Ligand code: 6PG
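A single chain, nothing else alongside it, follows as structure tokens in the form predicted on its own.
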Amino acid sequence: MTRAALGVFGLGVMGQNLARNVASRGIPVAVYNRTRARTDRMMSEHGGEGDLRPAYDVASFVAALERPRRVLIMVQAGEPVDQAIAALRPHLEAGDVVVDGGNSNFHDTRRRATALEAAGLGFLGTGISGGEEGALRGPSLMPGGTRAAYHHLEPIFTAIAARAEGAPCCAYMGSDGAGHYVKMVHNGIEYADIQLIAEAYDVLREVAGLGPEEQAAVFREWNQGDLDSYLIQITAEVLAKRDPETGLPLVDVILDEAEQKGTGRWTSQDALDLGVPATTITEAVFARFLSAQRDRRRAAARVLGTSRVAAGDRAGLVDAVRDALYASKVVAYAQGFEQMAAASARYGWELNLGTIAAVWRAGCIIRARFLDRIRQAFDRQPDLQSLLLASPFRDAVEQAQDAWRRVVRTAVELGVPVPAFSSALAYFDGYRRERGPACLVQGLRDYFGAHTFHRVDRPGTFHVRWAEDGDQVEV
């Protein structure tokens, strides 16, 4: 019997589905899990779907693989990845390739890449998006590491990836942590996208008085236009679903606490480190933090009161929310792509932003119609500083301004929180201003801390002895 072309280490839902995906393409796959029961259950349920070969210890698992051995680790991010690598290392030889397909922090990926490459092993930190269905039917794949390591996995990855217009949604991202970084920002944008959708739902419900089933019809209609995306599609499905126990819309019996696994927070933290104003993503992270403070919110509601609501012009408001949602979405993506460009320069990855947009067109959670426009914008102008400057997005945001402002103004007046809508609009207004109030900020900094300032009319660095009514001096 020939040896397996790929080994999958870790058989949670994602690991199982990726192994099944590979096997369904006629590629033999060795599978291993730390607990035998999970391996046995997988083989019992799916063993007939393709050439899946179970192994029950690490030595036999690695021995079942053809050389150079290719091992895909699918375990929880963090210490479990290091433990899996440590278990595999004694059985691997120079030239073998280890792939981490979890949501690892890119700093960990860079560390692991350095250590394994020094030992003669290839390492790929690979972002995988699409959830359990994507893993089985075709995910979006974002591998980062050496090109030599990617060369060994490329045939398998391109075979199992989702396809957009016939092209696989998989491409080499760059060295060491590039793949996991791109996946991290993908998830950060996902946080923003979901928060914006939730705020649209809240305004339509609290201000326009539309119930979940009415909104399901609205989101289905929106999904036929510029907002066409996976997240808009499933929003309609979630809002239309009824709870079989109570008969109520299911969304009404779901606890209003949004959990998170950390990638959105990592995106915001790294944006701060890079000096990139990823405000909409960060507001989405903060909104989840606030949602988790449910007991505090319930107590505050009894003391501080609840928001006032008014029906208003329902039809007009629905259209305005649609426009505000699209404009805010453009800002969130613009911030995410700006952050990836900054990271690429910082870490020497040479990320191709047009390729990233292309890879995200199918398979991933944020797949959307307008990603093809983003790809085209970066293909036309690889050094594009912001998506807001590209004609299709610039024009759309300009046309949406009045509606965008109306939605934010109405929500604020009626006490309906729209932090992501508001942040996106404030970013847009700040980004397009030639001169802002930071002149006063820097003046104050120079006053209390002698932090100096620059002038608009001549070069140099200056300081004023403000309290002493002293002269301005160049320093």
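One rule holds for the numbers: they count along the sequence shown, beginning at 1. Note that the structure is predicted; figures quoted are calculated from it, not measured.
The same protein also exists as the form predicted in complex with the ligand; that form is not shown, yet it is the one meant from here on.
Peer 1: Quick one: from 278, 128, 160, 173, grab the residue that has a heavy atom within 4.5 Å of the ligand in the predicted bound form.
Peer 2: None of the other options qualify; the answer is 128.
Peer 1: Taking the ligand in the predicted bound form as the reference, which of 291, 352, 260, 76 has a non-hydrogen atom within 4.5 Å?
Peer 2: Of the listed residues, the single hit is 260.
Peer 1: I'd like to know if residue 103 sits close to the ligand in the predicted bound form, meaning any non-hydrogen atom pair within 4.5 angstroms.
Peer 2: Because a heavy atom of residue 103 falls inside 4.5 Å of the ligand in the predicted bound form, the answer is yes.
Peer 1: Within a 4.5 Å heavy atom cut-off, is residue 329 in contact with the ligand in the predicted bound form?
Peer 2: Judged by the heavy-atom cut-off of 4.5 Å, residue 329 is well away from the ligand in the predicted bound form.
Peer 1: Determine whether any heavy atom of residue 71 comes within 4.5 Å of a heavy atom of the ligand in the predicted bound form, and answer yes or no.
Peer 2: Outside the cut-off, so no.
Peer 1: Just checking whether residue 112 would be counted as a contact of the ligand in the predicted bound form - the rule being heavy atoms within 4.5 angstroms.
Peer 2: Looking in the predicted bound form, residue contacts with the ligand do not include residue 112, since no heavy atom lies within 4.5 Å.
Peer 1: In the predicted bound form, which of the stretches 117-125, 252-260, 209-217, 81-89 has residues with heavy atoms within 4.5 Å of the ligand?
Peer 2: Result of the contact check: 252-260.
Peer 1: With the partner left out here, which residues of 186-200 have a non-hydrogen atom within 4.5 Å of the ligand in the predicted bound form?
Peer 2: Contacting residues: 186, 187, 190, 191.
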